[in-house]
Structure formats: C-alpha cells, structure tokens
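A single chain, nothing else alongside it, follows as structure tokens in the form predicted alone.
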C-alpha cells in the first residue's frame, strides 16, 4: 500500500522529498526527516517490508560509523592505539545514515514495489525520453534473468568439482564465467529484439492512459513535498 495511489505523483513527490532530504546539513533536521518518513511508513502499515529494507541499508551505514570517526579530523573523544575517534566523524556518520535511511523510507512508501511495466508507463506519462525509458525498463526486466543465468553457470561449475581458491585457476574460471554470462546476455538480447520486431515493435511501447489523480493523491503529494521543503528551509536558518 502506498500513500499516493497515482504513480506519477508518487514518483515526482519522492524525487522532491529525497532531493530536499539530501540537502540537509544539520542533525536535528535529518532526525526529523527520518522520524517523519518512519511515521509515513507506519501509515501505510508496511512495517516489516520497510524494516527488511532498512536492515540491508544499515549494514552499509555501519561502515560509516567505523571509518568516519577514525579518519575524519576533529576533536578526539577516544583513542584506539594510534587512531583517534573524532566527534565530527561520528556526527557526519549519523547525518549520512539518517539521510540515507529517510530517503529509502520515502522511496519505499511513495513508490513502493512498482513493476517495470508500470514504471515504464509512469515515465512515459511524465514525458521521459523514450530511449531512456526503454533502457530502464528492459534492464529492470532482464537483470533477474541474467542473474539466474549466472547462478546456473556457477552451479554447473560446482557440479564439475570447482572449488574457489585464491589461485590463477580460480580467477581464470571466474573470467570465463563472466565472459559466458555476457555472451549469453547478448544472445538473449538479439532474440528478444527479433521477437519484438516480429510483433510489430516500432521503437515505442504501447501505454494505456492514466486516469486523472484523485484529490486525495494531490493532497498527500503536496503535504509530503511541502514538509520536505519546510525541513530544508528550517535547516538553512
């Protein structure tokens, strides 16, 4: 469930809100943005899926809390051997983590798990160039198939007794694996192109027209966008 049912408004609103969050410089404003995004996620009743996405993101954020306090100069809070933990590094890591987490929440709540075909129709309705639209949709559609192809090749290597080690044979085998994945992806692309031409593809996807956005969607979109701009203005004061 998304806050904004119309995908066009949801995508534009998410872009505005995320750009506003990315420009925040203060911890209070970033904290408020994260809290508001989490509250927005609670409104959609999508707590567990959002929590799973945040778990994946926070794993990378932990690296910031490990590296930035040790590498950024500033007032030392503690010492670990020859290294010092700076207060500025901790503050910067917290700021980045809050902004990234808030952006992920906003994107998940406002856009949700939009399918590639619906995303393509949304971008077409927003007058995104057709070439970019087609490239994005085809990439989103076939990346899982190419990943599955690579997984099958890895399983066939293990069935033949391959065990990865840090030696020349292992790296040569991985190079052959990457080359085979690229070759099969190229063959698949050629077959898909020929099939699309046989079905009369002329360079543009047929898209059904969207219904006008409902008043509820307009209200939610304006509220989210204005809230993001207010936080940005308050952060600049």
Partner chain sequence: MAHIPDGVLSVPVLAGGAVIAAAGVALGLRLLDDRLIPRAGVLAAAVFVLSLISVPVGPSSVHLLLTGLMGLMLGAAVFPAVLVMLLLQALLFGFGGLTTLGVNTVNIALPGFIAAALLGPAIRASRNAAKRGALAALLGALSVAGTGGLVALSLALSSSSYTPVARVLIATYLPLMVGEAFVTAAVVSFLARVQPDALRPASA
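Quantities reported herein were computed from a predicted structural model and do not represent experimental measurements. Numbering follows the first chain given and starts at 1. We call the rigid core the largest set of C-alpha positions that still match within 1.5 Å between the two forms.
One more form of this protein should be noted, the form predicted in complex with the partner chain, which is absent from this view; the next part is about it.
No residue of the trio 87, 223 and 229 has any heavy atom within 4.5 Å of the partner chain in the predicted complex.
Among 94, 77, 125, 140, the residue placing a heavy atom within 4.5 Å of the partner chain in the predicted complex is 140. Mapping the unseen interface onto this chain, residue 156 falls outside it, with no heavy atom inside 4.5 Å of the partner chain in the predicted complex.
Although the partner is absent from this view, residue 9 stays clear of the partner chain in the predicted complex, with no non-hydrogen atom inside 4.5 angstroms. Proximity of residue 83 to the partner chain in the predicted complex falls outside the 4.5 Å heavy atom cutoff. Shown alone here, residue 31 lies farther than 4.5 Å from the partner chain in the predicted complex, counting heavy atoms only. Annotation for 114-128: interface residues with the partner chain in the predicted complex are 114, 119, 123 [heavy atom within 4.5 Å]. Once both forms are overlaid on the rigid core, the distance between the two CA positions of residue 96 between the shown form and the other one is 2 angstroms or more. Core-aligned CA deviation for residue 178 between the shown form and the other one: less than 2 Å. Annotation for residue 72: C-alpha shift of 2 angstroms or more between the shown form and the other one, rigid core superposed.
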